[in-house]
Ligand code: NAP
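In the form predicted on its own, a lone chain appears below as structure tokens.
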Amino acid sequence: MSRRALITGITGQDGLYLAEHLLSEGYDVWGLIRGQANPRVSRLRRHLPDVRLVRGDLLDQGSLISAVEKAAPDEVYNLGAISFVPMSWEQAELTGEVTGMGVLRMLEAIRVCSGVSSTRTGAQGQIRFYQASSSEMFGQVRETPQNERTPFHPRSPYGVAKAYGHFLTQNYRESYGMHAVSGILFNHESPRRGTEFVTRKVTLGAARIKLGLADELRLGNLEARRDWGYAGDYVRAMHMMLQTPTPEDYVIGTGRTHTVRELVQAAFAAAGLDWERHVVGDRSLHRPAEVDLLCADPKKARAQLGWEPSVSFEELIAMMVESDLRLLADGGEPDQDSSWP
């Protein structure tokens, strides 16, 4: 029989790529959605008609138990979150409830549905759980590059909420014997990335200027460095983590960093433009507490999972610019919806 997977956040960038990957592996894929009003749901149905949808809300424990009972998954991938860091400052309490407490509610739903009622009673055939942790947990880093043992010092409500979910996942693994893992994923992008994120903001900006739809692009800190990779590569790592006999946490990234300035240079070069003629610095776009440098040390994932990224930084940015040029030239509108599914 086909294995079953339940994905929260299925209408987001990672959820779509993960659903495609699992379908290609022969899975019966279910997606958790809050309701039908989200315009992304109709796009999901058109793009991936084989995915089954089940109602549920990371704010509602009972709905998650019902969703897990209905989908009867072998694997649960918790990708749902308020994931835009600047928004986490504007909606700090909601970020904590969804991105942090939502992990607790999903872990409890799995524990209840699996019949785990006392400590360390994990059994064969139990539901396996993947938590989408984040490099933002490292924040003000103690060492570079960052690995699975690097201490956390998050610098935003989002990073704090992710750290809470990460430690909860470890606690349920150690206390109940659950097959629960966290993937500490560094920045991963694609043409499906939301327009509020800096990578997509830059590639869309370059495409708009190339097509004469805009004259300038306003950006914040150009010197922040990130380890950027391709989202399609990173969802493969998620799946690999849940196939291991022993649950462990893994850092996933390329091990190479680039500044926002280098991102801008690559995007405008792909569009055939001189970035210095169009990009304007804007102090109002800086974070309240900046994270200056994030760089992954993915040695463990390479050694134990055999995972390697397949798309370079330059290829990724060119892919995104070309996609945005096609989108805008065809009269399409970028997805403005940054809400969590």
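Position 1 is the first residue in the sequence shown; the rest follow in order. Keep in mind that this is a model prediction, so the values were computed, not measured.
Just so you know, the form predicted together with the named molecule exists too; it's not on screen, but the next bit is about it.
Trainee: Is this site open or blocked for the named molecule? Place it by superposing the surrounding C-alphas onto its pose in the predicted bound form, then apply the 2.4 Å backbone/C-beta contact test with a threshold of 3 atoms.
Mentor: Result: blocked.
Trainee: Look at the stretches 265 to 273, 164 to 172, 146 to 154, 189 to 197 and give the one with heavy atoms within 4.5 Å of the named molecule in the predicted bound form.
Mentor: Result for this chain: 189 to 197.
Trainee: Please state whether every one of the three residues Leu23, Glu75 and Gln126 places a non-hydrogen atom within 4.5 angstroms of the named molecule in the predicted bound form.
Mentor: Looking in the predicted bound form, the three residues Leu23, Glu75 and Gln126 all stay beyond 4.5 Å of the named molecule (heavy atoms).
Trainee: Determine whether any heavy atom of Asp57 comes within 4.5 Å of a heavy atom of the named molecule in the predicted bound form, and answer yes or no.
Mentor: Close contact exists here: in the predicted bound form, Asp57 approaches the named molecule to within 4.5 Å, heavy atoms only.
Trainee: Taking the named molecule as it sits in the predicted bound form, is Tyr250 in contact with it (heavy atom to heavy atom, 4.5 Å or less)?
Mentor: Looking in the predicted bound form, residue contacts with the named molecule do not include Tyr250, since no heavy atom lies within 4.5 Å.
Trainee: If we define contact as a non-hydrogen atom of the residue within 4.5 angstroms of the partner, is Met240 a contact of the named molecule in the predicted bound form?
Mentor: The answer is no: Met240 has no heavy atom within 4.5 Å of the named molecule.
Trainee: How about Ile317: is it within 4.5 Å of the named molecule in the predicted bound form, going by heavy atoms?
Mentor: Ile317 lies outside the contact set for the named molecule.
Trainee: Quick one: which residues from 127 to 159 get a non-hydrogen atom within 4.5 Å of the named molecule in the predicted bound form?
Mentor: Heavy-atom contacts within 4.5 Å come from Ala132, Ser133, Ser134, Tyr158.
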